[in-house]
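Presented below, as structure tokens, is a lone chain in the form predicted on its own.
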């Protein structure tokens, strides 16, 4: 399997390249990472939706769509995400590789040209502002995202628990800011935010798949953009457990428990394996006992986030079983802390994680997400290296990781239907 190579265009811009002839397609993406801040989250969050609607070269959606069709049905899309305390704005194109083009077109150059036209020349009006109609349409769609997130109670409860645990820190903010902030956005706000984003973001550019490229093209576009960024999560107060309950007319209550980990970056593998043994697989403590044997939860699982050094346990429970489930979840963690875990549980967890890591190489998007998630780590592992690392972890390390967890937040979305 090919390994990602990194070319430093500047202190603020990395070009990440993985050439693999197994794929018939190419993926080129521009990821802009900025500190998650309450004042800028909403404007930055809406921007990629606006700038990918039209450019100076393709001044309306019809012309842009026709260009994608001419490129053998290429795809242009964007998304907004969080990476620790950072907000990520991604714009990407995907298309077929050169060897499958009928007339031997240079598809890498064509796709780069389209993507760069968005970065350099998004469509603006005579006053230098982004197009008002595009802004209003995308503003409405972002507000609909808030509605959908609220209606998805599993997602809502998880995000609420994160907000409580991080208590005003960047890691707890919504990727789009708040609904009120989006409603109050003006065209002037987002137009000036685009220029600021290009000046201040850390750029992670990816080119993946069956492709050859000319780095000079990327140098010309990105060498003068961005600003160097580094990230270290802030310490979280662990002296007091935050216990919050909200009532809603639901048939099923949600119980989310957040734990902080006393870990440094680069020490996350043992915590990931511990979380899998505890609640990450069908053979885990939480699934086999709390869900199956005790029948206290409709679902119950745990996951560790290495970029924030936190672990969250999510569960759906009957309202009358909330306290029983809470007690049982903590009891199962105590079993892990006291080394009451079997070799079969450990091997099942290792196998599940290893299979998940190996599957990363089956998708260009998955490979990009894999390496992007390690941007702020002191060292970067390939999926194969991560598999080797997981397989070497001993039972004692799993137990030690569990004993470095501290319960910080208990959030209950209590159904009263």
Partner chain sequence: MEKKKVTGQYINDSYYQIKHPSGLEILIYPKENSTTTYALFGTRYGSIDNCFKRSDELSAETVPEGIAHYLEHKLFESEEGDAFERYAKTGASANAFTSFDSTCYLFSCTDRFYESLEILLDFVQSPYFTKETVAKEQGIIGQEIKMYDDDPNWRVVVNHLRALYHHHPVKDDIAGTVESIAEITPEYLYRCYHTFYNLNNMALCITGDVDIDGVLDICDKMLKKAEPIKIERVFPAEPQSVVTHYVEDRLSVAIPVFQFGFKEILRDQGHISEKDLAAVEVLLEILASDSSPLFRKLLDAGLVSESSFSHEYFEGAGYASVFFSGESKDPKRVSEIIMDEVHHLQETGIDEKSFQRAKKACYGEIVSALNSTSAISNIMVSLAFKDRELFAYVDAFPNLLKEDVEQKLKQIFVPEQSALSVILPLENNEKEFMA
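What we label the rigid core is the largest C-alpha set whose atoms superpose within 1.5 Å from one form to the other. Positions refer to the first chain, counted from 1. Quick caveat, the model's predicted, so the values are computed rather than measured.
Only in words, not in the display: the form predicted together with the partner chain, which the text now covers.
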Quiz item: Is the partner chain close enough to 16, 57 and 376 in the model of the complex that each of the three has a heavy atom within 4.5 Å of it?
Solution: no
Self-check item: the partner chain contact in the model of the complex: residue 128, any heavy atom under 4.5 Å
Solution: no
Quiz prompt | residue 153, heavy atom within 4.5 angstroms of the partner chain in the model of the complex | solution = yes
Exercise. Would you check, heavy atoms only and a 4.5 Å threshold, whether residue 70 touches the partner chain in the model of the complex?
Key: yes
Self-check item: Residue contact check: residue 362 to the partner chain in the model of the complex, 4.5 Å heavy atom
Solution: yes
Quiz prompt | Candidate stretches 70-78, 194-202, 221-229, 114-122 - the one whose heavy atoms come within 4.5 Å of the partner chain in the model of the complex | solution = 70-78
Exercise. Identify which of 248, 241, 330, 217 has a heavy atom within 4.5 Å of the partner chain in the model of the complex; exactly one of them does.
Key: 248
Quiz item: Looking at 38, 355, 369, 388, which has any heavy atom no more than 4.5 Å from the partner chain in the model of the complex?
Solution: 355
Quiz item: Taking heavy atoms and a 4.5 Å limit, what residues of 55-71 are near the partner chain in the model of the complex?
Solution: 60, 61, 62, 65, 66, 69, 70
Quiz item: Any CA movement of 2 Å or more for residue 63 between the shown form and the other one, core superposed?
Solution: yes
Quiz prompt | Core-aligned C-alpha movement of residue 107 between the shown form and the other one reaching 2 Å | solution = yes
Self-check item: Core-aligned C-alpha movement of residue 210 between the shown form and the other one reaching 2 Å
Solution: yes
